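Shown next as structure tokens: one chain only, the form predicted on its own.
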């Protein structure tokens, strides 16, 4: 099982916004450059994030993107579900009618438990936490470069 590039880049985008939360809006091209993500690809990612109410966008010289809520209120689950849809490993867990064997399937309960654990883990991490980790790692990286 793999997490899509869309979700991984979406989390990086949202973490970049969280690092500047309350200070300024960021231009898409600046985030794309700093995160080494194609600006064109990133422009497609912002559409569902905005539709999910996770980000705001303003046009103009003082425009850019910002978080719609505080970073501590936005989880990885919010981002992944905005970009991928509901976190459900197999359709029959949420929609038993899609499988004639749902009632007798020996693995359906396991997929349900696993899906719930994934969702629980994604809900336990906020982008505020990721922003703090990113800032700390950037500090250490900058310090290491100055020492060399």
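These figures come from a predicted structure and were not determined experimentally. Positions refer to the first chain, counted from 1.
FYI, the form predicted together with the DNA isn't displayed, but the following is about it.
Heavy atoms of residue 113 never reach within 4.5 Å of the DNA in the predicted complex, leaving it off the interface.
The DNA is not drawn, but in the predicted complex it has a heavy atom within 4.5 Å of residue 50. Among heavy atoms of residue 123, none comes within 4.5 Å of the DNA in the predicted complex. With a 4.5 Å cutoff on heavy atoms, residue 60 counts as touching the DNA in the predicted complex. Exactly one listed residue, out of 103, 33, 70, 44, brings a non-hydrogen atom to within 4.5 Å of the DNA in the predicted complex: 44.
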